[in-house]
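Single chain ahead, by itself, as structure tokens, in the form predicted alone.
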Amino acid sequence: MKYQELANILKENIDDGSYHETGKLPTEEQLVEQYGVSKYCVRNAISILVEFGLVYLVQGSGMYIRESKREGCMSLRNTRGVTAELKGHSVKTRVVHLEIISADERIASRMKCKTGTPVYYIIRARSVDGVPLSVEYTYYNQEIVPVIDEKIAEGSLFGYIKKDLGLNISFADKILRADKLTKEAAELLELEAGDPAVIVEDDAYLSNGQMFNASVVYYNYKTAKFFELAEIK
């Protein structure tokens, strides 16, 4: 196992809350035994987690996990989707539009695919605990994600891609900006056209480097909260 692979496994365990009870990672010796790897592998994997701001080391005490969640907040670092981010809350999704289109030059450039590639174009309105949260305008490359119907789109698409299709979602490029709501997005968010909006442009990739998803998400400025870990150097 390469240290990058071990770092990914430990990151998933952290995200899943596997170390919540102790608040720290197993010792170096325990990780060596558990995963059958060298101390070099463990140390390099831990270095990656430290660089990401997920853990911090206390000399003579252990490797502690940084609190990466705040109640009601969504992480800008993770790519798990709203349903996974806001566990314990009632997340509802309404599919406003779903069709397969051929990627024109603009979409192909954004999706890093060939012109004419079939892509799903999906608009979804999402609410949390009955309050509008976001409107998603998103594209999925059909050559990578072959089947998306309305029932699937009403659930967690990232969960479907990982669990049902067995694809490994690895990383995403994100741009966070502010703008005014369009008329359509405002209606879906039950706000006024021209109201402010937090907008996240999100390009998501598999572990093999293939881009499978591109989206623009308008968030309700009254309800959306984001959280990010920062390093002080």
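Between two forms, the rigid core is the largest collection of C-alphas that superpose within 1.5 Å. In this text the structure is predicted, and so the values were computed from the model without any measurement. Quick note: we count residues from 1 along the sequence shown, nothing fancier.
The same protein also exists as the form predicted in complex with the DNA; that form is not shown, yet it is the one meant from here on.
Q: Would the DNA be touched by all three of Ile65, Ser170 and Ile199 in the predicted complex, meaning a heavy atom each within 4.5 Å?
A: Negative, none of the three is within 4.5 Å.
Q: Could you tell me which one of Glu187, Asp164, Glu28, Glu51 places a heavy atom within 4.5 Å of the DNA in the predicted complex?
A: If I apply the 4.5 Å criterion carefully, the residue I get is Glu28.
Q: In the predicted complex, is there a heavy atom of the DNA that lies within 4.5 Å of any heavy atom of Arg43, even though the partner is absent here?
A: Heavy-atom contact with the DNA at 4.5 Å: present for Arg43.
Q: Quick one: does Leu181 come within 4.5 Å of the DNA in the predicted complex, counting heavy atoms only?
A: Answer no; every heavy atom of Leu181 is more than 4.5 Å from the DNA in the predicted complex.
Q: Is Lys174 one of the residues lying within 4.5 Å of the DNA in the predicted complex, judged by heavy atom distances?
A: Contact check for Lys174: no, nothing within 4.5 Å of the DNA in the predicted complex.
Q: With the partner left out here, check for me: in the predicted complex, does some heavy atom of Gln34 sit within 4.5 Å of the DNA?
A: So Gln34 does not count as contacting the DNA.
Q: Taking heavy atoms and a 4.5 Å limit, what residues of 115 to 140 are near the DNA in the predicted complex?
A: Read in sequence order, no residue approaches the DNA (within 4.5 Å, in the predicted complex).
Q: Does Lys24 count as moved between the shown form and the other one, where moved means a C-alpha shift of 2 angstroms or more after fitting the rigid core?
A: Yes; Lys24 is a residue whose C-alpha shifts (by 2 Å or more) between the shown form and the other one when the cores are overlaid.
Q: Cα of Thr182 displaced 2 Å or more between the shown form and the other one, core superposed?
A: Shift at Thr182: below 2 Å after core fit.
Q: Using the rigid core as the reference frame, would you say Ser61 shifts its C-alpha by 2 Å or more between the shown form and the other one?
A: Shift of 2 Å or more: yes.
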